[in-house]
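In C-alpha cells, the next block holds one chain alone, the form predicted alone.
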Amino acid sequence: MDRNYAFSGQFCYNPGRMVLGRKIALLHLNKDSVEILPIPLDLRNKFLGGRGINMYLLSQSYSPDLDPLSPENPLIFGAGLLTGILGFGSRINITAKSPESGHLGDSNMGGDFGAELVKAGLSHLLIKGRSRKPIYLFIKNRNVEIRDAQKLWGLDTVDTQRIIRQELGDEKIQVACIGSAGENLVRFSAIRTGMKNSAGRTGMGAVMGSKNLKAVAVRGNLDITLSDPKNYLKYYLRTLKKLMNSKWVQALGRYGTPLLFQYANAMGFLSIRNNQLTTIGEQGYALEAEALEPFSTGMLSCFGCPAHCRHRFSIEEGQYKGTKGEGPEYASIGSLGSKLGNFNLQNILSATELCNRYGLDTISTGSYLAWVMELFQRGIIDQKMTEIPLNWGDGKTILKLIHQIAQRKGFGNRLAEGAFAKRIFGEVSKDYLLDIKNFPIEMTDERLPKSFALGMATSTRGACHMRSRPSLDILGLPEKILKKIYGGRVSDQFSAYSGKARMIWWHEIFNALCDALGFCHFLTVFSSPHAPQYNEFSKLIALSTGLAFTPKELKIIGERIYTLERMMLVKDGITRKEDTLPKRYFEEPIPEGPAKGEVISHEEFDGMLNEYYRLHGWDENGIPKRKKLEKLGLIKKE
C-alpha cells in the first residue's frame, strides 16, 4: 500500500529568506515514517547546503564500527544552496559511509534532479533504516509518498525512470535510481538520473540497494523567490558574459570533457594498461574529442547551465549499431578505453552505456578491470579463476565482465567486491591495485603532475580528482597570476613540487564550497583563471538568498567542511601513513613518452605533505589541531 505524508509546519516564502523555506525530510524506512523539518539558520551559516550540510549530518552517526551496508548507515541527498536558481546551480551531493572504501562516501551529481528537489520545497533527504520490501519515494511539492517498487526491481536505470513517469502520469518527473548493480550490492554501484548523470563514486548505489530503495522521484512547481531579482539578473548576465567569453567554456560547449583526453595523452599523464605506460601517442586520435563527432547528435546541459558540455550519441552502423546515450565523459574514455588498452571508440561507447544502464561507476569499473588484467598478464591469476582470458584491449571481454559484475555472476562476483577482492587474489595482488585509502586511482597517472599527485594522496574520499585537482596547472600560467589566485608562490612548471601544496590546499577548500553551493566545478577556476570564485559567490548568494557572507567567511566555510571530513577519516584511523601514493609512483619511473623518467620523490613528496598540513592547521600526522577546530567552530573552546 502506498503511504502519504504531508509537510509539518508552514511552508515559508519570506523575501530575503527564500532558502530558509527549503526543508529537510527525515525518513525512517524500517518504521515507514517521514518527518519534514526546517533547516536551522545556524546550520546554513556554518555549512550552507549540499555537501556541507550532508557532511554535518553524516558526522552525527559516523564511526569506525558503522557497516556501510547496514540499515544504520544514513543515505543523504543534499542540493546546494544555489541549486535551482537561474544560472549556475544544478548540483546535488549524495553521501553515506562508503561500501567501496569502507571510509567516507560522497558523490556529486548534475542533471535536473537537484533543481527539481528544490522546486518541491526540499533541499535535503536523510534516509535511515531498511524497507521490508522494494520501494521508491515520490516527492511532490509538500508531500512525500512511499510507493511499492517490486515491479521495478531488476529494471535498468533508463527503464526505471520511464516506467515511474508512466505510472505517475508526468513526463517532467525527475528520478534518481539504481540498476541491477545497486540491487546486487556491487560495492562501486552508482545512483543515476537522466540518461547519463551519475553519483558514481564511492558506491552510493549499493547503500541505496541495501535499503531496498529503488528510486527517488521528484516533481515540484513551487515558486523559487529571489531576494533581489532585478539586481540578481543584472549581475548574473554580467558574470555569464565573462564566463562565456573564456576559451575554456567555449571549448567545453563544443567538445565536452573529452577535450581533456588530448592534453593528458600529449603531456604523458594518461593511464595506459593500468599505468604501465602514460601515453599512446598518435593512437590517441581515435579517442580524442573530434573522434566523437560522427556519433554526436547534439549537445545539452544540466539544469540552467550556460555550458552545454554533454554529448548525445548514436551508433548507426556496425557491430554496436543501435547503441544510444549520453557522453562519454573524459573519465569514461580513459577508464574503459586507454586504461584497458582499448582504443575502439565504439566499444567504449557501448561499455559506457552498459555501465550507465546497470548503474556502475565507469571509473571504478575500469580501474578494477585494469587491475585484474595486469594480474592476468603477470600470471598472478589465471584462466582457471577468471574462466575467460583477460587480455588487454579485448572489447568483447570488457563487455562480458561488465555484465558479470552487475549481475554478480562468475568471476564478476569477485570483482563486484572492488578493493576488498584483494583478500581473494592474495597479498601479491595488492601492489597492482593502484589505490589510495582503499579507493582506486582514476584514468590518469600522477607521476608527472606533482600537484595532481598530492591531491590524489590527500583526498578525503580516497583517490579523487574532483576533491582538489587544479587543472589550471596544465596551462603554465605566469607565476604572477598564480600568486594572485593562490595567495603565495606557486611554480609555473607542471612537474615541479614547489608551491603545489598551496594549490591543493586552496582547491580543497574552494571545491568544498562549490559543492555546498551546488556550483559546477567546470564553471570555476578549475580550468580557467577568468571563471567565478569567492567574490562572485558572495554576490550571487546575497542577491539570490539575502544571506550575507564575505569572501573570507566563505573560505572559512569551505575549510570547515573539509576539516570535518578529515575528522571522520581520523576516526577510522587514517593519518599521514595513508596520505600516500601507490608503490608504482615512487619506484617505477615512466618508461617512455613525453614524461619519460618522471617518478615521485619520497623526500619531495614528504615536503609537500608537511607544507599541506601546515596550511590546513593540522599536525605532522595530518590530525587537525585543537586550535584549528575551535577556530572553525567544530568543537567548543576550552
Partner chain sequence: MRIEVNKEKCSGCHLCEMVCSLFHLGIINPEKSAIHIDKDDLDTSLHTPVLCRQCKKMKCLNAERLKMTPERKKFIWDRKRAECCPFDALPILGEEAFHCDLCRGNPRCVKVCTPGAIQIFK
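Positions refer to the first chain, counted from 1. Model, not experiment: these values are computed from the prediction.
A second form of this protein, the form predicted in complex with its partner chain, is not displayed here; the remarks below concern that form.
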Proximity to its partner chain in the predicted bound form, single hit among Leu152, Leu185, Leu345, Cys302 (heavy atom within 4.5 Å): Cys302
Option touching its partner chain, based on a heavy atom within 4.5 Å in the predicted bound form, out of Thr225, Thr257, Thr239, Gln262: Thr225
Three-residue site Ile85, Lys119 and Leu233 fully in contact with its partner chain in the predicted bound form at 4.5 Å by heavy atom: yes
Stretch from 488-496, 95-103, 407-415, 294-302 whose residues place a heavy atom within 4.5 Å of its partner chain in the predicted bound form: 294-302
Touches its partner chain in the predicted bound form: Asn221 (any heavy atom, 4.5 Å): yes
Non-hydrogen atom contact His308 with its partner chain in the predicted bound form at 4.5 angstroms: yes
is_contact(Pro71, its partner chain) in the predicted bound form, heavy atom dist at most 4.5 Å: no
In the predicted bound form, Phe313 touching its partner chain (heavy atom, 4.5 Å): yes
Contacts with its partner chain in the predicted bound form, stretch 25-54 (heavy atom within 4.5 Å): none
